[in-house]
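Shown below, as structure tokens, is a lone chain in the form predicted on its own; questions about how it binds or moves come after it.
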């Protein structure tokens, strides 16, 4: 009798475990499809002829020396990223930035090795490059580029050492993105469905000084590059 009860109990555990595993696999496939659908749409609408793949991986982001974005042209979206990505625009923003660098890594001699070295050697320069090109990619694919600002505002911290290290301050990057959208795609500033979005409102609040610099440049007709903070 005890043996029968134990057998039934073990079967119940196995059934529950199988159901949980099957559900987990199904969810991972759904995430993978979501990431791939948006990524491939960006590639196709922008006529990007380079081979780039998209992978969903549950768990936290793992920083490596050889970033697969440029070393393997593989863009990985970790489960951790979904804490910040709330809509298609923001997913497109995340992928478009990565696609910018992955596509760039193909340029030049030796299969793009020179370009990869340049990207690694001048990270600040190529951050701005990727941000601007991401805006272009998003607009062409039918996504709202303001999603790039909302995503960065809530997911990219403002590191006190950014100015002396290898990255631009997040506030500077967002200001440059805003200026790029304002001058090249003003429609999205005028007709902005994100105007009441809390993260966009927070960006407006903490970018008052930078946007004042943009306003002054526009009013003066200056062509000088703005020194954003």
Partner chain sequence: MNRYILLILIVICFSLVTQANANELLKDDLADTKLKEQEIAKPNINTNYNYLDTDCVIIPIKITKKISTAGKYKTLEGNELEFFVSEDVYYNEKLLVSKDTKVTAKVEILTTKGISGIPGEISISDFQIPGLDSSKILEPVTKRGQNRTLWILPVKWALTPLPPLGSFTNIIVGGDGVIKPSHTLKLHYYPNW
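Note that this is a predicted model, so its numbers are computed, not measured. Numbering follows the first chain given and starts at 1.
Omitted from view is the form predicted together with its partner chain, to which the following refers.
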If contact means a heavy atom within 4.5 Å, which one of 152-160, 84-92, 69-77, 102-110 is the stretch that engages its partner chain in the predicted bound form? 102-110
Indicate whether the candidate residues 44, 133 and 139 are all in contact with its partner chain in the predicted bound form, with contact defined as any heavy atom within 4.5 Å. yes
Taking 4.5 angstroms as the cut-off for heavy atoms, does residue 195 touch its partner chain in the predicted bound form? yes
When the contact criterion is heavy atoms within 4.5 Å, does residue 26 count as touching its partner chain in the predicted bound form? no
Given that the partner is absent here, does residue 53 sit within 4.5 Å of its partner chain in the predicted bound form, heavy atoms only? no
Residue-level contact is defined here as any heavy atom of the residue lying within 4.5 Å of its partner chain in the predicted bound form; does residue 219 satisfy this criterion? yes
Contacts with its partner chain in the predicted bound form, stretch 205-227 (heavy atom within 4.5 Å): 205, 211, 214, 215, 218, 219, 223
